[in-house]
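Given as structure tokens, the chain that follows is alone and in the form predicted alone.
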């Protein structure tokens, strides 16, 4: 995969998750106790021996820069290749919104490099995939473009791009859908193709008024190319809404899902932060939960994801919750179906309760 240039796309729309993304990109959301969403696509690239990765910076980029830094934790701090940050376009005369604009203004990074292929991956997906197999699949079938997809296990609402493929993997139909039915093939935001194909689609589509690489680019050029669909059989979650974020975090409490994503030969890397182990006090009770380092637990925690440095006080009860870094749940508080962003303080004896399909959200740096 040394012939492949990776590009990490951080242009996920935040319309349905604004409470958690007011000052950060969707892809930078904390996930599963110690990770960020972008860790999964970035780690999958690195594990596939892609040594040059460009990160398309979102408008809110501070949290992304702070997390990735030099790329050392992903072995991307290299003399040749390694990590490159691709800034958002500053063309104020163009009000179009979408990833195509930023891809267009960073085309020189792709075209003047020494790579033969481009892998563009949406960093708001959770998965662990070997992209080496995708490249081999594309080459073996003499394809022009490979789209990675998964097969939906249940009906789901929300915009997605769905595929139909023939028995030999050729994409016979591709379209944007407002909902997904069970057993439908759904694109998972990863596209592999030769550099000239990528550059032509980006340039021609943008100069004709397009905004979205997949919808305006690949779909509208589908008749010009042999597009292959590569099916991924493992776990996939697309975090494009608050409900999807809540559900995906709770999926991590399933031992089989956790083992697939984190315990195999392909490590999911993240920024290393050395902290003391969790302190479980005499009054603590923890069931079916993820609890990260640096936490102090004195109360009850059940079916929850607890990030680094969280404190749960004596007599407090936390059930079906996501508590991000340095949240402080004080004595006697009760939380159920709640998402607390960073540095939240829930004072003594306060009760907060949401619904499983509509969790209560406490935004960053708030005291209740």
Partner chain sequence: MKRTECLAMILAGGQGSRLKALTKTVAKPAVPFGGKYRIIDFPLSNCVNSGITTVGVLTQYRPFELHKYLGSGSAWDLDRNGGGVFVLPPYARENEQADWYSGTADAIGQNLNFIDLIDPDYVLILSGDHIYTMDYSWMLESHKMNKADATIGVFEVPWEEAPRFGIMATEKETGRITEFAEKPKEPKSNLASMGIYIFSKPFLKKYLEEDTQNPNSSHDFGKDLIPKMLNDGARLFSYAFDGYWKDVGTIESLWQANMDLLQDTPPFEINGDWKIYSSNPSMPPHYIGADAAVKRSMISEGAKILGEVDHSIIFQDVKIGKGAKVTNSVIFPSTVIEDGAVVDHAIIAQEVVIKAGAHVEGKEEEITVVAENEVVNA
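Numbering follows the first chain given and starts at 1. Keep in mind it's a predicted model, so treat the numbers as computed, not measured.
Omitted here: the form predicted in complex with the partner chain. The next part is about that form.
- Here the chain stands by itself, but in the predicted bound form one stretch of 44-52, 315-323, 332-340, 28-36, 28-36, has heavy atoms within 4.5 Å of the partner chain.
- Among the residues 225, 235, 137, 269, the one placing a heavy atom within 4.5 Å of the partner chain in the predicted bound form is 269.
- For the options 115, 185, 203, 298, the one in contact with the partner chain in the predicted bound form, meaning a heavy atom within 4.5 Å, is 298.
- In the predicted bound form, the partner chain sits beyond 4.5 Å of every heavy atom of residue 89.
- Proximity of residue 75 to the partner chain in the predicted bound form falls outside the 4.5 Å heavy atom cutoff.
- Taking the partner from elsewhere, residue 258 is found to have a heavy atom lying within 4.5 Å of the partner chain in the predicted bound form.
- Within 4.5 Å of any heavy atom of the partner chain in the predicted bound form lies no heavy atom of residue 143.
- Residues are counted as partner-facing when one of their heavy atoms sits within 4.5 Å of the partner chain in the predicted bound form; in 259-295 these are 259, 262, 263, 267, 268, 269, 272, 273, 274, 275, 276, 277, 278, 279, 280, 281, 282, 284, 286, 287, 288, 289, 290, 291, 292, 293, 294, in sequence order.
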